[in-house]
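What follows is one chain in structure tokens, specifically the form predicted on its own.
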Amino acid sequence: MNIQSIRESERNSHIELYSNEELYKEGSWLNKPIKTVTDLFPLFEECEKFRALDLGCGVGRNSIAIAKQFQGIPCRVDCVDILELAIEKLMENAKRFGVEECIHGIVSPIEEFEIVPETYDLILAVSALEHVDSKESLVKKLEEIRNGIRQNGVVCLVVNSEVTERNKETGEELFPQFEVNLPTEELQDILHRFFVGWEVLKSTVRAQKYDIPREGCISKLSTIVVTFVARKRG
């Protein structure tokens, strides 16, 4: 399956998800930011200003929480997503939660967004880097992420690996709708190689299963989730 077909399928899935779920509503999969992100907040308590980059931001599950946490100091969160609908809803949510001055929405594929060196205190990509257009783009983006972090800044990466999908009703195997679907060990090796010398704050591997809408069916998705968090030290 080509990239265009995968992205069209992902677009349709996320449009359905974002259209039917409300940010931070109890019972929604968007009911709160992920704990791996919020656990990082104490690391930045001494910051006089704060800048973050959220790659694959969606409607603001993590970036809105970041903006709320740091809105008492000069704060900017650059939020990148390929979906126009996601950025539209992100900005609506930013206004609803009173952080519109901190949130900057950018419609772009991740691989096309250029990360300026030494710009960010925090760069996060949650279930996002597996949606760049190739393994080569993934490697290039990791290099940009590494170079984009300021001294004592943090990268927070959550990446799916070894993804399989099956039609929930029939059990038929489906082509995984992920542009980059690496073996778990290879993905871990790439991450640790790029951030060698950094202080690794978290490195975990966890199997996960969930249902996701696909064209004409519900897919039972299985994945090995790799979480990698590291801090740039002198």
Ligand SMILES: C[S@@+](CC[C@H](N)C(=O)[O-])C[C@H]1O[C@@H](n2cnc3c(N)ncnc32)[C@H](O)[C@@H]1O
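Values in this document were obtained by computation on a predicted structure and should not be read as measured data. Numbers follow the displayed sequence, beginning with 1.
Just so you know, the form predicted in complex with this ligand exists too; it's not on screen, but the next bit is about it.
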Check: Of Cys75, Leu157, Ile110, Ile149, which one comes within 4.5 Å of this ligand in the predicted bound form, counting heavy atoms only?
Finding: Ile110
Notebook entry, point to check: With this ligand left out of view, which of Ser127, Thr164, Ser137, Gln71 would have a heavy atom within 4.5 Å of it in the predicted bound form?
Noted result: Ser127
Next item on the list: Please name which of the stretches 167 to 175, 196 to 204, 54 to 62, 183 to 191 has residues with heavy atoms lying within 4.5 Å of this ligand in the predicted bound form.
Entry: 54 to 62
Note to self: Given that this ligand is not shown alongside this chain, does His131 nevertheless sit within 4.5 Å of it in the predicted bound form, heavy atom to heavy atom?
What the structure shows: yes
Next item on the list: Classify Lys220 as contacting or not contacting this ligand in the predicted bound form by the rule of any non-hydrogen atom within 4.5 angstroms, answering yes or no.
Entry: no
Margin query: Residue-level question: is Arg231 within 4.5 Å of this ligand in the predicted bound form, judged on heavy atoms?
Written below: no
Next item on the list: Indicate whether this ligand has at least one heavy atom within 4.5 Å of a heavy atom of Ile103 in the predicted bound form.
Entry: no
